[in-house]
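Coming up is one lone chain in structure tokens, specifically the form predicted alone.
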């Protein structure tokens, strides 16, 4: 016989009364907040926010030489401006929709603006969202790899592997992520980039050191998730597979890991929801993720309330689908 849930046993009147109380509470909070902002004479300017998602940026075309405008021609929806100097000439092109600032025969000096055109591009907040997603995806994939290796090493009978995994997990989990980001950026980045420059290679950008910090941080927690998932498998299955002639590696690959992965998916997904939010710390090393983009937007617009509310909503939109996926997995796992 199917048992009824706790919600189904609630009296309808009590349920409706509770919902009404909740709605009244939300409305009261919003009302108090709006009254408080009026008391400090804050002006809401939501209409400026769309430009921080998508905008038409004006680009200037400046002369690189001194000379005279020799010709201005339009062909294939582009405008070509030819500037002839004493011993050389330069051709500048722009879309037909652009605006010319010079005419044929004008004297031009280096740095003069010849024309302007507008080009659609992603705004500050959209760029921050993309970088947050990029960092989170790379860190998640690398963190999974590190966690799988660390989880297997954690239960290994080889003391070198086992203690290396234990030391790694305890060091990472025992220190703040912010400190680890500083170490990766100010210590490891200085050493590695210095060596690369001495060998004639390009420096590695701050974004990848941020990815490394998040990856190793997530990997430590994934290591413990994988370890607990592997140890949750009945020892009898392992002994049965070994009695059939399987090696330890074959048993782990064919018997243990497939079952363990199914059990660790919910906590694993929850860890990556946390990772998306932890990526907000990378702004301190000049990575323009969502939080840093929000701070830059506030600096240019002086609209802290609108930007921080939008920033919180954007993080919610990034994490909510993954949260729903975790709940779906948990329901599927509970289904007999």
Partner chain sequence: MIKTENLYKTFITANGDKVNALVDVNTQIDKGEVVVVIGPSGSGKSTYLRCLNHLEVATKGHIWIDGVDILDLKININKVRAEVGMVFQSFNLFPHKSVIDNVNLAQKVVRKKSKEECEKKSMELLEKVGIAEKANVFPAQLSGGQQQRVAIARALAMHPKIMLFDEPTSALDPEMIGEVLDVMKSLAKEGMTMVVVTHEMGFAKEVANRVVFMDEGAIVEEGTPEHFFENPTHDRTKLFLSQIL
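Residue numbers count along the first chain shown, from 1. All values derive from a computational prediction rather than experimental measurement.
The form predicted together with its partner chain is left out here; the points below concern that form.
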| query | finding |
| --- | --- |
| Residue contact check: residue 176 to its partner chain in the model of the complex, 4.5 Å heavy atom | no |
| In the model of the complex, residue 239 touching its partner chain (heavy atom, 4.5 Å) | yes |
| Residue contact check: residue 95 to its partner chain in the model of the complex, 4.5 Å heavy atom | no |
| Contact label in the model of the complex: residue 124 to its partner chain, heavy atom within 4.5 Å | no |
| Listed residue that, although its partner chain is not shown, lies within 4.5 Å of it in the model of the complex (heavy atoms), from 259, 228, 156, 99 | 259 |
| One residue of 113, 91, 73, 250 in contact with its partner chain, assessed in the model of the complex (non-hydrogen atom, 4.5 angstroms) | 250 |
| Option from 145-153, 82-90, 113-121, 230-238 whose residues, in the model of the complex, bring a heavy atom within 4.5 Å of its partner chain | 230-238 |
